[in-house]
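The chain below stands alone and is given in structure tokens; this is the form predicted alone.
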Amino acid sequence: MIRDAFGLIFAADEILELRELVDVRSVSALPVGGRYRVIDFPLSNMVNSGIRNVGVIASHNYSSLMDHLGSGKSWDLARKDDGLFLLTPFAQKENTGTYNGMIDAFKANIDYIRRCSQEYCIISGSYTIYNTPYNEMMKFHVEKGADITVLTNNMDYEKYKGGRYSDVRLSIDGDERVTGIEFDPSLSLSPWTDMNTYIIRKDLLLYLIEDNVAKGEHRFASGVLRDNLKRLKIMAYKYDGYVARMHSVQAYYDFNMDLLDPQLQVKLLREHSRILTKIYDAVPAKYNTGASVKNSLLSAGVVIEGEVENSVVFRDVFISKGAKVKNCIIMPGTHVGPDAELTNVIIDKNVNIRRKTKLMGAQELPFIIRKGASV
């Protein structure tokens, strides 16, 4: 277990390609997999590594994120010493309360970083989903004598369906050292992609923050990694497990559909280390007479009277008699009326689908219903 590191999760990403899904919430607060939020994955990775001091940096639409995280009790981070810190923006002389990149966010919260007693910092973004503790990565970092270690995976261009938000490609030599970096390349010879996760010493991080602020650099990947390739020893730790990036509506839809595979559910959510989340007490899903459910994920509190196939259904959803739901993602509190037909649709929270409504998208272009809408 890692005892001498604190965590920083940058939950201030703005990904406009997610369209209506991020109108009222941050990417990190997006519901996924029937019961989780995106933030659960980076936060669980840190907790499962033994880290007990985690700062979550937010910047906009963070109300639902704060409600979900609360005191951090669900992740065993409600503590007297260290624990979970929600670092929300505030205006000051050097900062307007908005961030142009990760460096700006770190500068605005530099007092928190300075107060941390741990020697190392593990930095994570909030839109990349994977499940791995950082123990082996930390061991690699120390053994290699690295200044910075970057978590990377082999990602083909074809897997960047629907968007290529923050596509950072790494050139790596035979000793796993990073020798080059490309940003959003139209064609790259390297399949190794930055996973927005880094290990760095706290003192070096503090120096690099001040150095980049002085130069007017906002992005971590360019200001810290690219500009220091020759000056610092930057290593790449290769991860070969499942990775999803919430960089577009298509990517969000595909990830939820991937979770219908029972083998992936076990591997991603609980095989080696369990993904933790806020628990809502509710009765089990109820199947009334005439209900039909095939290859779907149903959360607690769901009531099914109609037909559900290849779909992810969150808590407190009611699907009426005669309704047909196929290849859909239905978020909490939604009511699907009698004889409605939904195919390839993403339905946000608290939506009312009226009787006999027919909505059909495509698997390559799912249809989205906004939060609180009545259709």
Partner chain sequence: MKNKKQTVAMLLAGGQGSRLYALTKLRAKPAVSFGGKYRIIDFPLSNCIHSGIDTVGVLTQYEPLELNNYIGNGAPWDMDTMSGGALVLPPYVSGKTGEWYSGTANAIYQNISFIDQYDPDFVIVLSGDHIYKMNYNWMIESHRQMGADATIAVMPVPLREASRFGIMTTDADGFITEFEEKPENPQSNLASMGVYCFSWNVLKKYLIDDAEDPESENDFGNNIIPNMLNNEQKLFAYEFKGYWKDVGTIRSLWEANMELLGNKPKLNLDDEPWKIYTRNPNEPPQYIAASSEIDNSIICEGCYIYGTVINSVLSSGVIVEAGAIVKDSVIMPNTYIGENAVVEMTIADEACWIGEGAKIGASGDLDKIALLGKQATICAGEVIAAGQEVATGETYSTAKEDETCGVNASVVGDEAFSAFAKKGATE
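This one's a predicted model, so the numbers in the text were calculated from it and none came from an experiment. Residue numbers count along the first chain shown, from 1.
If you look for the form predicted together with its partner chain, you will not find it shown, but the lines that follow are about it.
Contact assignment for its partner chain in the predicted bound form, among 265, 222, 118, 179, heavy atom within 4.5 Å: The option sitting close enough to the partner is 265.
Of 110, 155, 213, 285, the one that lies within 4.5 Å of its partner chain in the predicted bound form (heavy atoms): Partner contact (heavy atom, 4.5 Å) among the options: 285.
is_contact(residue 238, its partner chain) in the predicted bound form, heavy atom dist at most 4.5 Å: Close contact is absent here: in the predicted bound form, residue 238 is far from its partner chain, nothing within 4.5 Å, heavy atoms only.
Non-hydrogen atom contact residue 79 with its partner chain in the predicted bound form at 4.5 angstroms: No, residue 79 is distant from the partner.
Close approach of residue 298 to its partner chain in the predicted bound form, 4.5 Å, heavy atom: Although its partner chain is absent here, residue 298 would touch it in the predicted bound form, with heavy atoms inside 4.5 Å.
Residue 139 within 4.5 Å of its partner chain in the predicted bound form, heavy atoms: Answer no; every heavy atom of residue 139 is more than 4.5 Å from its partner chain in the predicted bound form.
Partner-facing stretch of 322-330, 55-63, 342-350, 35-43, counted where any non-hydrogen atom is within 4.5 angstroms of its partner chain in the predicted bound form: Of the options given, it is 35-43.
Whether 73, 279 and 293 all lie within 4.5 angstroms of its partner chain in the predicted bound form by heavy atom: All three within 4.5 Å in the predicted bound form.
Sequence-ordered residues of 257-275 touching its partner chain in the predicted bound form, heavy atom within 4.5 Å: Stretch hits, in order: 260, 261, 262, 263, 265, 266, 269, 270, 271, 274, 275.
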